[in-house]
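One chain comes next, on its own, written out as structure tokens in the form predicted on its own.
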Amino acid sequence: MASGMSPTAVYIHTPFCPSKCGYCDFNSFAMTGEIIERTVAATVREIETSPFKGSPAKTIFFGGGTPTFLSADQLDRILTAVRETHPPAGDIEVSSEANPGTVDSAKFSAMKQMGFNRVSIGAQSFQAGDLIQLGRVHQASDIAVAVRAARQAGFESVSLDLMFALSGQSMTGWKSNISTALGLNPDHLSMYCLTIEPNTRFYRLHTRGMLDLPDDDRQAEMYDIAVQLSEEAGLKQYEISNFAKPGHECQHNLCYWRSEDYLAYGPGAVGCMPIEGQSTRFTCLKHPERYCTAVEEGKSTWFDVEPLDDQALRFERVMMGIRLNEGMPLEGLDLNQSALEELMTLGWAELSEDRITLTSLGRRFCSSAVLKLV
């Protein structure tokens, strides 16, 4: 089953959080106690017995959940297993998401010594009311403390996450969030519009009319000001929701957007690799208890295995690639020519000899553009 020795992006999913945020539909659990150590041990074992053992890592990314909810020792054991199973292909990006309420100088220093060189801090907002509404465990003041701790530990690539179009959020509050974030001099900013997902507390509130969400025009205005202020501060947009100083683009996420192979370990982790010559998506068991039991009994953790045919691969290439400011290669896609012409007439896209690129206007309508093209 092994995919050969081509360098591959490696993702580690940590499913634990201090609490479950109201908007979150990720595979995360507010759990404590023995299950955390048991899951760490199972993740290490899953990595060490991987059918893809030997494939070098081109990036390593710890996501969640909240990876920094784990102890420094637990993070170290998982990262060590990854590096031994998937030897790094040179001086690679080793990144972790972090919650400002779960890190301090000691943890960041330990992570830097382990080999992490990039950290993405989930700020979300600098407004106390927003953080309470979102269900975040940190306070606004914790964000600057976390950024300083990361810098003091030697991290040269620090990212901040922000959310906009929150219930009751004003344009003034959103501009303040962006300005405060930029004042911390991050190397990278991710700014995401709040989406209401099924099976979340926010979804239940929304169906009862209890969320005061901005309309589409206000969301577009918030997005435009995010692009403007970021680029004025020297953070160039390289993907619809992501901005970076030159050389600080997230290399791991670029693998996703460019439809490259990626490995995944941990409860609920999703990977996509060639298996017997066919690109295949696999999803690990989501609940930590079931995941741990499978590993401990020597069974596969994959509960869903989906071979991707040419049509599915084409859709994913378009859906992911069109998000990049660099555009998407046209080779091998056989896109709808009338749709291409329509997008250009609408002012949503520009076409070069070998690439299609969304315009600043087109990025507002990315999902609609994808559906037209495929």
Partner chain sequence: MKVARLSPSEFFHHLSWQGNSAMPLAPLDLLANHPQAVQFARRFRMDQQHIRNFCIVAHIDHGKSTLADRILEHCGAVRGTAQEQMLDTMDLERERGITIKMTAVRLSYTAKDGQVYEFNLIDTPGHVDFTYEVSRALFACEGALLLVDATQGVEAQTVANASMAMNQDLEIIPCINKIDLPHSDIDMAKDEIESALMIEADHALPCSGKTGEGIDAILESIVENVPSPEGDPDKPLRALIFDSHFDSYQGAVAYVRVVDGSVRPGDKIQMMSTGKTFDVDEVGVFRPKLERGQALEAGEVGFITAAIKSIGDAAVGDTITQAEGPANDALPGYRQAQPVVYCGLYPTDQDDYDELREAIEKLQLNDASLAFEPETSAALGFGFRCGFLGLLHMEIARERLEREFNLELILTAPSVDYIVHQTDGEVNHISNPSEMPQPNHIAKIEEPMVDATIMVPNEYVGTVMTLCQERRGVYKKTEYPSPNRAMITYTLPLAEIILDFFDKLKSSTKGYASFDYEPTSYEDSDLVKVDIMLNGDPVDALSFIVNRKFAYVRGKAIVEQLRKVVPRQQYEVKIQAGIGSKVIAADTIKPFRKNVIAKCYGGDVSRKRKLLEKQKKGKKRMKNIGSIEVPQEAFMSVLKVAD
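Positions refer to the first chain, counted from 1. Remember, it's a predicted structure, so these values are computed and weren't measured experimentally.
One more form of this protein should be noted, the form predicted together with its partner chain, which is absent from this view; the next part is about it.
Interface residue among L346, I35, A41, L333 relative to its partner chain in the predicted bound form, by the heavy atom within 4.5 Å criterion: L346. With the partner omitted here, the residue from Q278, S141, Q152, T195 that has a non-hydrogen atom within 4.5 angstroms of its partner chain in the predicted bound form is T195. Proximity of A312 to its partner chain in the predicted bound form falls within the 4.5 Å heavy atom cutoff. Although the partner is absent from this view, F29 stays clear of its partner chain in the predicted bound form, with no non-hydrogen atom inside 4.5 angstroms.
Heavy atoms of V270 reach within 4.5 Å of its partner chain in the predicted bound form, making it an interface residue.
Interface residue remark: L182 is not counted as part of the site for its partner chain in the predicted bound form, having no heavy atom within 4.5 Å. The chain is drawn here without its partner chain; in the predicted bound form, the stretch among 290 to 298, 170 to 178, 219 to 227, 86 to 94 whose residues come within 4.5 Å of it by any heavy atom is 219 to 227. Along 300 to 323, residues E306, L308, A312, F315, E316, M319, M320, R323 each place a heavy atom within 4.5 Å of its partner chain in the predicted bound form.
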